[in-house]
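As structure tokens, the next two blocks hold two forms of the same chain, structure 1 and structure 2.
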Structure 1
Amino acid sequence: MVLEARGLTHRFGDRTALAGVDLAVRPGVLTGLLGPNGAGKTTLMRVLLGILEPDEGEVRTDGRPVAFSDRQRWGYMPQERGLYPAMTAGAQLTYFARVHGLDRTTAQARARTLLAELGLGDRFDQKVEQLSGGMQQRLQLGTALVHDPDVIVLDEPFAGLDPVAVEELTVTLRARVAAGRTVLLSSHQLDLVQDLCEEIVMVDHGRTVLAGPVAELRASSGRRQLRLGIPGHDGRDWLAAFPGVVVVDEAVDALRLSLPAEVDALAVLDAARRTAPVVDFGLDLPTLSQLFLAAVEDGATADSVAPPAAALGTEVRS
């Protein structure tokens, strides 16, 4: 089911945590909620989950407002982790499954299956406090997944994980996405999720600053750089055909060009090949951090002189 937020606003006293956030998470697409610390990610997730009431705006699934009972079929893992230390791993998962409405037998069966999937198959009767840190992290994920939720919301799931654990978590989440679940995860490590999420929503100061498919955002941004290896090239008159293209760096046998969003990189490459042999080339896409910084800068200028944000190839909703 599609998870949507429209114009979400939330204030803590006189501090505005969310200032009209829009969001759409589609099933089968791993979606990242990105932004620096303090951007409002956790508050946004809490509002999505119904833990906090929005002051304005609403959360919808499949085109209708979310009801309390819908969220029984959702799973949530908060950023700050916590389990009942004196309970066994199995009892813990069974409890969370039952809280989400499963009967005892089904809940226990699900707990066993999930523990096996998380590599904790032999820990069903072991107390949580006796598990290693890594095992507790996996068990924590289990509490969000044990009832096989339709919508999975994870707050900073990669924080504190080693590379192996990141890989395991990715596999676990990809399996849910492939099964058509709606998965939203947040991270302040923008470049970590760059290759993981298919779509992203970037927030800053309680506003959406960038949203869309990662590949598209990176490819269509005005921050692409074309690297051309042209040994002994002479002159760059051919570049005159491409207004807006800026030479960033020039060496004896190489050029680095910055391409505006509307310029086709392949056309520039073809033009270069017509003048001299190109022995090496590459198109460097901006990282998500660079896109974020650009979007935040544009947002800052947008408030004063209001340039068309779309010209930069970024979709800004605020």
Structure 2
Amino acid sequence: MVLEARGLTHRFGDRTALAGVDLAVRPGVLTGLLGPNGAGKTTLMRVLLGILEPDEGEVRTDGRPVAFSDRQRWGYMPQERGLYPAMTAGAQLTYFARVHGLDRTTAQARARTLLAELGLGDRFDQKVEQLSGGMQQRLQLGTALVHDPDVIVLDEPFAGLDPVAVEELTVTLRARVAAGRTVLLSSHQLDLVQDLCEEIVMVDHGRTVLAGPVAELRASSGRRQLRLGIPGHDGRDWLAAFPGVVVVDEAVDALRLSLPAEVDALAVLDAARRTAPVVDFGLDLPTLSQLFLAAVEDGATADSVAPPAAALGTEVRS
């Protein structure tokens, strides 16, 4: 099921939260909705889900306007916790499965299977209020998955998770993607999901600033850096043969070069090897955080400024 947003605009009074956002999420492809806090990610998700009505634009699925019956087969995990603290973990998932129309026996079986998948198999009879914050986050993910939805929309699913839990969640999401589900997740921790998402949409101040396959965006950005370990190198006159190549860092035994998109990195490496022995080399592609900042600096968003670095995925996983 292809999920699309076309020209979505939404305002809260005089404030425009979304300004003509386009988005396409394909089944079998994990898509990340990325950007700093306050970029409009949660508002966009709520419009997709029908919680908020757009002032302009539309939400479509498989080429037609989305209907209520379509959304009944969707799963949503909000950023805010929505669990019942006095219920047990098993009863919680069973309840949500029943809300989605599963009979009691099937709902309980589904709850046990999903809790085991999420690393909570031994917590079936434990109250939610007795679970750690990370466990509650995983349980909340379970409420979005318990009815085996066709479309899965997750708002900041990695918040509060330690590295082990992040890996468990990653395995769970990749299993859904492999099964052909349509999965969209949001995060302001850009580099955390860099290796997870195959495609991304970056938003800032309610506008799309970058979109496409992650690998292609990083490779075609024109912001590659070539690392060369050249002990005792003498000068850099040989770089004159490569217009546009800039030395961004230089030490006695190493060079770091910024390469324009049109410059062949292997040609630069070969030229360096003809000058002096190269004992180490590597080609670094820009991170998603760097791509975002570059998009903002290049004027991809009107009337906006680059957010502070702390908002762009520099947090330590906790």
Partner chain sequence: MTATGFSGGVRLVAGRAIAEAWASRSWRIITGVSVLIGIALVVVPRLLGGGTTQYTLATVGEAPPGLLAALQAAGEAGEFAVTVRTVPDAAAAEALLRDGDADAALTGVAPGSTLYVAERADRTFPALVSQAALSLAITDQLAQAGLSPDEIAAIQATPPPVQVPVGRVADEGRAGVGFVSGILLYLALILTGTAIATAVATEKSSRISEVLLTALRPTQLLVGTVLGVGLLGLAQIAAIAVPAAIGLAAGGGIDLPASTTGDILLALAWFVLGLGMYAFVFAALGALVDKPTEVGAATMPANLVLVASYMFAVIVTIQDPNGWASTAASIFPVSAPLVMPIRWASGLVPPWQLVLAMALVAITAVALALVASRIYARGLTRTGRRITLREVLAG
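This is a predicted model, so every value here is computed, not measured. By convention here, residues take numbers in order along the sequence of structure 1, the first being 1. Each form is matched to the other, and the largest set of C-alpha atoms that superpose within 1.5 Å is called the rigid core.
One chain, two forms displayed separately, with the form predicted in complex with its partner chain being the first of them, structure 1. In the core-superposed comparison between the two structures, Thr88 has its Cα shifted by at least 2 Å. Positional change of Val146 between the two structures stays under 2 Å at the C-alpha, relative to the superposed core. Core-superposed comparison between the two structures: the Cα of Glu198 travels less than 2 Å. For Arg274, the displacement of the CA atom between the two structures, after superposition on the rigid core, amounts to 6.0 Å. For Ala261, the Cα shift between the two structures is 2.4 Å when the rigid core is held fixed in the overlay.
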